[in-house]
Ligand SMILES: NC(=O)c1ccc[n+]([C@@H]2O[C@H](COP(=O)([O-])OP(=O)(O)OC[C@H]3O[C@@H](n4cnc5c(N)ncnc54)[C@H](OP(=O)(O)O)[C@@H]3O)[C@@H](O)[C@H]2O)c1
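The chain below stands alone and is given as structure tokens, in the form predicted on its own.
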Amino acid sequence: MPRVVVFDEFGGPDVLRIVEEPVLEPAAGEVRVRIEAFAVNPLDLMMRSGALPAVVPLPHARLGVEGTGVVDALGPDTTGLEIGDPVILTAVPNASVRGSYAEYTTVPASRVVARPAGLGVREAAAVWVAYSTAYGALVEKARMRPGDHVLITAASGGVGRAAIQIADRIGAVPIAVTRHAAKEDELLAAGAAAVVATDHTDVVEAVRHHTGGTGADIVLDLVMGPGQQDLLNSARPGGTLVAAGFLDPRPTPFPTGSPLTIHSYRSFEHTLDADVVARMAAFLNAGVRDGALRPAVDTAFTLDDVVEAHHHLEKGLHAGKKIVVTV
């Protein structure tokens, strides 16, 4: 029988185990996907450890919100897809019940899109969460335009790298923020127009320098925490800050009295909207086709080594690139 990764209690990577389960038939309007690879995301670690605010029912919980594979079966009244179509998952309803850490999963047909031609299986497994988050925050929410100076925190992470590439493709000017000056060359090579390393540079002064004194038009805050105040001071009056991450767990009061437009952003507000998903998919396909958009994959593990994949992410050995598990 097909294999599935489950956990019966919250804890470290070792709570994960592989079991065998019968293949489920897709319900009306659903597809069954034979998973070829999935990515390991920080959200998965939060679910596994019990840190996620949402309820994760135990025992026998599953993981995985990202992956790619081939349509294996169609449920009744499912249209627009054929058996054998290569797809990527755009959203996994009830990931704790039918997450992508498995050889097969079923999802609504509206929650998959065609796999972009030109992406290998490993890259396709790692592309959607990062690029849909960055696209949704910058294009759909902040209305990024050519020429905009865009300040991107946690720039060496998966979403940060995607944001740099998306800004470049649109013609905006990405300014990458990182904690370590050692990452400067890597981020410049990834497409950043400038890099601000907070271990030796004042953020506000550096951004003023790189924007000719005007400040950033858009700030993508993937960190939050007390450092957000410096980001607010780095933006021009009338600019936009999109808070789309929570890497710093310290409380971040919602800014008041700021001359900026402030948005809180979670990707599901767009990945559950069919019209926006269609725009995301079209942008991704075009970017992959012309070489502008390409996920950075660190290490590929096998399903048998899923515990080690979680250890690898927790230890920070991935250097901000995506970790993929092949099935």
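Note that residue numbering follows the sequence shown and begins at 1. Owing to the predicted nature of the structure, the values given are computational and were not obtained by experimental measurement.
Omitted from view is the form predicted in complex with this ligand, to which the following refers.
Engineer: Heavy atom within 4.5 Å of this ligand in the predicted complex: which of V92, V207, V223, L241?
Structural biologist: By the 4.5 Å criterion, the partner-contacting residue is V223.
Engineer: State the residue from K183, R111, K141, R98 whose non-hydrogen atoms include one within 4.5 Å of this ligand in the predicted complex.
Structural biologist: It is K183.
Engineer: Is there a heavy atom of T133 no more than 4.5 Å from a heavy atom of this ligand in the predicted complex?
Structural biologist: T133 belongs to the contact set for this ligand.
Engineer: Can you tell me whether R179 touches this ligand? I mean in the predicted complex, with a 4.5 angstroms heavy atom cut-off.
Structural biologist: Heavy-atom contact with this ligand at 4.5 Å: present for R179.
Engineer: Is there a heavy atom of S234 no more than 4.5 Å from a heavy atom of this ligand in the predicted complex?
Structural biologist: So S234 does not count as contacting this ligand.
Engineer: Taking the shortest heavy atom distance, is Q165 within 4.5 Å of this ligand in the predicted complex?
Structural biologist: No - in the predicted complex, heavy atoms of Q165 and this ligand never come within 4.5 Å of each other.
Engineer: Using a 4.5 Å heavy atom cut-off, are L16, R48 and V324 all in contact with this ligand in the predicted complex?
Structural biologist: So, no: the whole triplet misses this ligand.
Engineer: Taking 4.5 angstroms as the heavy atom distance cut-off, pick the stretch from 83-91, 171-179, 207-215, 115-123 that is near this ligand in the predicted complex.
Structural biologist: Comparing against this ligand in the predicted complex, the contact stretch is 171-179.
Engineer: What are the residues of 262-297, in order along the chain, with a heavy atom within 4.5 Å of this ligand in the predicted complex?
Structural biologist: If the 4.5 Å heavy-atom criterion is applied to this ligand in the predicted complex, 262-297 yields Y265, R266, S267.
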